[in-house]
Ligand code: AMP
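There is one chain below, alone, in structure tokens, taken in the form predicted on its own.
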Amino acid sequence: MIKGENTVKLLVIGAGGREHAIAKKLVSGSHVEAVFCAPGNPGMTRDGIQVLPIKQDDHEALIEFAVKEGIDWTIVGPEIPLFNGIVDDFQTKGLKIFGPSKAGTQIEASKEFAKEVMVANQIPTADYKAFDNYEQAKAYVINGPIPIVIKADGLAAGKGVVVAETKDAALSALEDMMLDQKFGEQNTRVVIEEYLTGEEFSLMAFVKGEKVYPMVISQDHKRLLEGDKGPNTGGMGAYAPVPHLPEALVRESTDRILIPAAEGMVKNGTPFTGILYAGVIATDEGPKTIEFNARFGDPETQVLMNRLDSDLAQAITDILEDREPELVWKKDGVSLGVVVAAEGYPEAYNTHIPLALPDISDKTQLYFAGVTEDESELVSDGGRIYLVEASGETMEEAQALVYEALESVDTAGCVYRTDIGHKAL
């Protein structure tokens, strides 16, 4: 697709708020005829997205649909299909798809692999050791410093990280991960890292091989409760840009983290195509890498898409076809999103909660995640249910728009944080 050419049909794989935001942005593309989302969710249809009853792990059915419908290219939102090799499967059938190969996803799927890439390419990060033996890990924790960070080595839906502030908490985390197999029997290896002090932010980029096109930085709020208390979640809200972090820090992070990672993956024989996400912490020694993800962040995507003034569909097409993309980001204002989750999340929670949804305006929008339909009415069907996003000239205006919308409806059975964006004030 080049400007002036025929329209295209696109496929988004996934079902959550991140995929809703991606698909909605693609729908607005100047040469986009249709955007399908598999499996999607019924809330997406409000924005002209066509949802498909195909599960994201049914690669054969997705490929069959892409061929039959004449899909020009596909983009993958969640990590599980990527880790299961959906990009390789599509490419084997000659289909264009924007995302990393199964080999490339190791930068997220294995914390130890990611650490090895960082060490080999002088990418700043925390000191670490990896263990698959519980007694050895236990001895290391007992004899080591506190606080300390313990990570499940493999995929854990954003929840496999424990910042342990006591020895007991650290040992409990080891038991959960290694003995009780909290994140699955194939995920009992751990990476134990030194605790880094500083402010965290999310730095994502469009990547193909050694080509890196960074996005505006954002800041996610992982903890469930106000004041960054409570358990880690998949994310309770985000905002972009992060005005109190200097542009020089962002440039340094791009130069010392993203670009060497992309180049290192090529040298490693696992070249990366797709969205490379770096979780970064600004320390007194400069930016250091907390983690890499192999896809768009959630909920960061829900605020970043509103910062992009240029055509996302055209940009991804250009990257896939080895042309320089046009990426124009808003320079003024703030976009902020707050997640509404079911009570009990991220542990056991109720579903089928009736939803009273806030009205949206020209400055606010809803992105749906864990929802389904009951007699044409949306009800909850997941831990994170939806996100309210607003854009304002200032952080205070964006916050006021979001919280006024949320306070205007009954959110019984749901929870949300009331301090998203507080670090920027």
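Residue indices: 1-based, along the sequence shown. Remember, predicted model here, so these are calculated numbers, not experimental data.
Omitted here: the form predicted together with this ligand. The next part is about that form.
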- prompt: Using a 4.5 Å cut on heavy atoms, which of L196, V207, V216, V334 is close to this ligand in the predicted bound form?
  reply: L196
- request: Find the only residue in D89, E263, E200, E252 having a heavy atom within 4.5 Å of this ligand in the predicted bound form.
  value: E200
field: Proximity to this ligand in the predicted bound form (heavy atom, within 4.5 Å), stretch among 172 to 180, 95 to 103, 325 to 333, 146 to 154
entry: 146 to 154
- prompt: So in the predicted bound form, does any heavy atom of E112 sit within 4.5 Å of this ligand?
  reply: no
- prompt: Can L224 be called a contact residue for this ligand in the predicted bound form at 4.5 Å between heavy atoms?
  reply: no
field: Residue contact check: E291 to this ligand in the predicted bound form, 4.5 Å heavy atom
entry: yes
query: Though only this chain appears here, would A130 touch this ligand in the predicted bound form if you measure heavy atom gaps against 4.5 Å?
result: no
Contact check for V242, T364 and L425 against this ligand in the predicted bound form, heavy atom at 4.5 Å: no
statement: Restricting to 30 to 57, the residues within 4.5 Å of this ligand in the predicted bound form through any heavy atom are none
